[in-house]
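Here we start with a single chain on its own, the form predicted on its own, put down as structure tokens.
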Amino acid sequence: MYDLSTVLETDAVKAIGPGTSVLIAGPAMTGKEQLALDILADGSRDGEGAVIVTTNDQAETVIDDYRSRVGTDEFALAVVDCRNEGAGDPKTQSLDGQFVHHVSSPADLTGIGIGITKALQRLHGGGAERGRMALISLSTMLTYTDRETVFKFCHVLSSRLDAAGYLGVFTIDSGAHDEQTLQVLKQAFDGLIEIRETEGERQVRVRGLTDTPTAWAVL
């Protein structure tokens, strides 16, 4: 089981089964990405593997930020960098001792899937039998392709994480898409973490991981 209650103070995330995929949704500038990375970093401090799929920041930036977040150089991280800007075939390298797979564009969902598979294999080969993956963000993917294609990708990826026993967290900007798009994509996930800002205060609630949604609480 994965315990996220040190990051989110609620019993709803105290015992999440391996292979669970969770969508983190909220408007822009509400800390979705930071929450996703905090969830991964909490596992890394316990020796778990971590995979970050980034559609916005370059791998170097992701690794530096993650090192600061974990608080040590002792972590097993693999990054799938989707900002190769049309440079041709996907390529793999070691950067600051971490595995990095470059993909030409957030639209290359096949390449991203291959990169994630390689990342999981590399981490497992390095002894990380448990781990967490974050994909940041689905909103960027939706600027390149349609929601049905992204839904299928998420569904396939969720199955892959289930087979690996990894926890998956995915972020989406709820203010950037219509309600129908959000409802379609939510179906690909086991649970939902919603974030909102009210009177300058960030609040969070969890849905789908327990019988009833949690109440809104300060994040």
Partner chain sequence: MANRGVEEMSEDSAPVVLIVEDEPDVAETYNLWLADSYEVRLAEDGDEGLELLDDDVDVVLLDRMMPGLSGDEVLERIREGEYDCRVAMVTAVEPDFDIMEMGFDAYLNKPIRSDELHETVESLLERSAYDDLLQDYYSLIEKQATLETTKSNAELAENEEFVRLEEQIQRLRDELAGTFGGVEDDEEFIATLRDLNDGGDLT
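Model, not experiment: these values are computed from the prediction. Residue numbers count along the first chain shown, from 1.
From this point on, the text means the form predicted together with its partner chain, which you will not see here.
Q | Contact residue in the predicted complex, chosen from Leu109, Val100, Ile136, Ala128 - any heavy atom within 4.5 Å of its partner chain | A | By the 4.5 Å criterion, the partner-contacting residue is Leu109.
Q: Indicate whether its partner chain has at least one heavy atom within 4.5 Å of a heavy atom of Ser68 in the predicted complex.
A: No, Ser68 sits far enough from its partner chain in the predicted complex that none of its heavy atoms falls within 4.5 Å.
Q: May I ask you to state whether Glu179 is within 4.5 Å of its partner chain in the predicted complex, using heavy atom distances?
A: Flag for Glu179 set to yes.
Q: Consider Thr145 of the chain shown here, and say whether it contacts its partner chain in the predicted complex, taking contact as heavy atoms within 4.5 Å.
A: Contact check for Thr145: yes, within 4.5 Å of its partner chain in the predicted complex.
Q.
If we define contact as a non-hydrogen atom of the residue within 4.5 angstroms of the partner, is Met29 a contact of its partner chain in the predicted complex?
A. The answer is no: Met29 has no heavy atom within 4.5 Å of its partner chain.
Q) Which of these stretches, 146-154, 59-67, 42-50, 169-177, has heavy atoms within 4.5 Å of its partner chain in the predicted complex? A) Going through the listed ranges, the match is 146-154.
Q) Can we say Arg202, Arg205 and Val218 each have a non-hydrogen atom within 4.5 Å of its partner chain in the predicted complex? A) Negative, none of the three is within 4.5 Å.
Q) Within 176-199, which residues have a heavy atom closer than or equal to 4.5 Å from its partner chain in the predicted complex? A) Read in sequence order, the residues that approach its partner chain (within 4.5 Å, in the predicted complex) are Glu179, Gln180, Gln183, Val184, Gln187.
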